[in-house]
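Quick heads-up: the structure tokens below are two forms of one chain, split into structure 1 and structure 2.
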Structure 1
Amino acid sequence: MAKAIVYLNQFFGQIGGEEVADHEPEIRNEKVGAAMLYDQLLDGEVTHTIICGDNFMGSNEEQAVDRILGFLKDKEFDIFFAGPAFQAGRYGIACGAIGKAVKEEFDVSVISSMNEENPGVKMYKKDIYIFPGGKSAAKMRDDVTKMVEFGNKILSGEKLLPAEQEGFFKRGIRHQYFLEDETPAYERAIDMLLKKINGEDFVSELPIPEIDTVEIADPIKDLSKATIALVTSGGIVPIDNPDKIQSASATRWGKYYIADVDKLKNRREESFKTIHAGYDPKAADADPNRVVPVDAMRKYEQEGKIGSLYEYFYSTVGTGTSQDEAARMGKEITQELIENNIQAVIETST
């Protein structure tokens, strides 16, 4: 039988109200408060209830999450429910924080419910399934029912439908989908075009997401003392591609020693080439410095404009590479660069 664990705050865990919002996390080998309702509706059994005060979670999130993950380490469970949190902001954020951590640590589905006004929705809808819920506990039964029905579907292995049909908040996870009515793209396009011409409402199949921003790094004060590294997504690698970096949809990166060279030698000289499949390789194969400008950096090093060029350059392939993979590789490379006291990077892209 499937096993579930439920997360509740101090109030729904029947500890008390605001006065005990500092309640430290605990796990009970029983169904407490709302956990009973989950147990009734679930095609399975709620084995444990976790209770944590909203303020405790709010002011000691890291500690609270660690302790709860510790509780769960030796438990077997197939699904995790948190909330419903209604319009309670601290509770919603707590459900999101613990839900995200549980999903990442144990790779089980996590389901929550919050009112659309709850700040937890915006913060965590990408990380866990959050269903739109009522404003207050008057909607407890409705909200839990929605969550558990979806949970039962996941547990049964049934194919999940798009977010708009299942009802949870969109998570920014897009997959291709064969339309039941088989409306071809040409019909959809003409329909959208005529609606746009006539000023009628239409729904884009690819809503433009918000653009990510990145914190701006402080400028380098003294370049002549800085060690600078070259990083590329242009797929320049030694001729035998020792790290087997993929030509498209890369998940691997490599670092290549260049301390002993004034410029990168080319494919004909059996030195460096590109394995990037997304662009014409001829120019990069003939002179890899066009993509990774080792020669120009060396010149600036000799002239004293920069302290030194780092002894390795880093490379991967940026075609069809997913953002998550790219971000992971970027973090891994950054980690190395920081450990080696590199102050700046010039990143070349193709």
Structure 2
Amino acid sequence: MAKAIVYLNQFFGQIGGEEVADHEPEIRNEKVGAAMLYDQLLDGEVTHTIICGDNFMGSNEEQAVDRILGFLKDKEFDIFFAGPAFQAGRYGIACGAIGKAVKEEFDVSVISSMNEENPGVKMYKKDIYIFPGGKSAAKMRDDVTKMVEFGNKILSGEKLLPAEQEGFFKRGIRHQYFLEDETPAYERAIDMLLKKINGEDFVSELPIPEIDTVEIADPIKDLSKATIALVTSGGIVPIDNPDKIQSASATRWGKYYIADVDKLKNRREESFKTIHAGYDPKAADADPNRVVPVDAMRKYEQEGKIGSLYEYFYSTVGTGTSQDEAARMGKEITQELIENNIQAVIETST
């Protein structure tokens, strides 16, 4: 019987939420949480569940990966599942990191699922199979079902089809194969050309990725005379979050007056905090200048390295935010900056 091992974060491993995101890696000789669903659908058996906190993996990736690979050295398994990670960025990156390491160390197929907006997709789709997934755990059964159906196909030795047909994200890996009808390449090329000339739909055999290019701005001639603005996707807002910016999948942004502020006060002093749900808030809440460096910019101002710090900083949340919404908000903020003759922007994240 085929054997599988499942990787989960602290939440789906039923340890707890953000308060235990520093949970160190562990392996259990049982099916925990989502691992039970994998076991129900798999043509085989889930033998172990690996659990690791998202913060621990993010802050100690090399150590976490080494420990998990150590757990697996004496285990027999034919396939490895990670996630699904939905839109959770830290979880997606963790699934990709451990998945890549397991693939390289043990040469077994690794399958995950992430929402298309999850940064783990772009980082790891070339290394492991990643299926498009839902935004939240509401799609758990659907996402796991897709992963396991593909896993069963691998375990049975069936011929795997191209990414478009199997449903996983394209990995940029090219294979040579022969068409069943043996139509020569020149005939296929002429057929595509005629369809293009006639305005008909056709599919290229050599798709070229679309690249969103941005023109490089001219350098600032004299920083000592420039007005600089701070813009962040780190979710730093006044303590009452007056613009009701969402902690994930944001559709709103805010701007906050700092003309008379030498440094941002922390949450305890009831000034600023982070509402970002994609990283551990402790450091940012203790000192919001770590994300929006007003204090450092004031020093540059005093030293004459910059002309001035703009009287507002702009903030939103990046985790789970769609590209379309991010582009819209970016254009809206940029328009304000241009209208106020801002010469440069320092963008900070998490």
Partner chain sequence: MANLIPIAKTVGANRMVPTISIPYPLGDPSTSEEEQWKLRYHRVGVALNALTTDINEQTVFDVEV
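On a predicted model such as this, the values are computed, not experimentally measured, just so you know. Heads up, when I say rigid core I mean the largest set of C-alphas that superpose within 1.5 Å between the two forms. Reference numbering: structure 1, starting with residue 1.
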Structure 1 or 2: which one is the form predicted alone? 2
Core fit, then residue 309 C-alpha moves 2 Å or more between the two structures: yes
Using the rigid core as the reference frame, would you say residue 86 shifts its C-alpha by 2 Å or more between the two structures? no
Any CA movement of 2 Å or more for residue 109 between the two structures, core superposed? no
With both forms fitted on the core, how large is the C-alpha shift of residue 287 between the two structures in Å? 67.6
After superposing on the rigid core, how many Å does the CA of residue 195 move between the two structures? 3.7
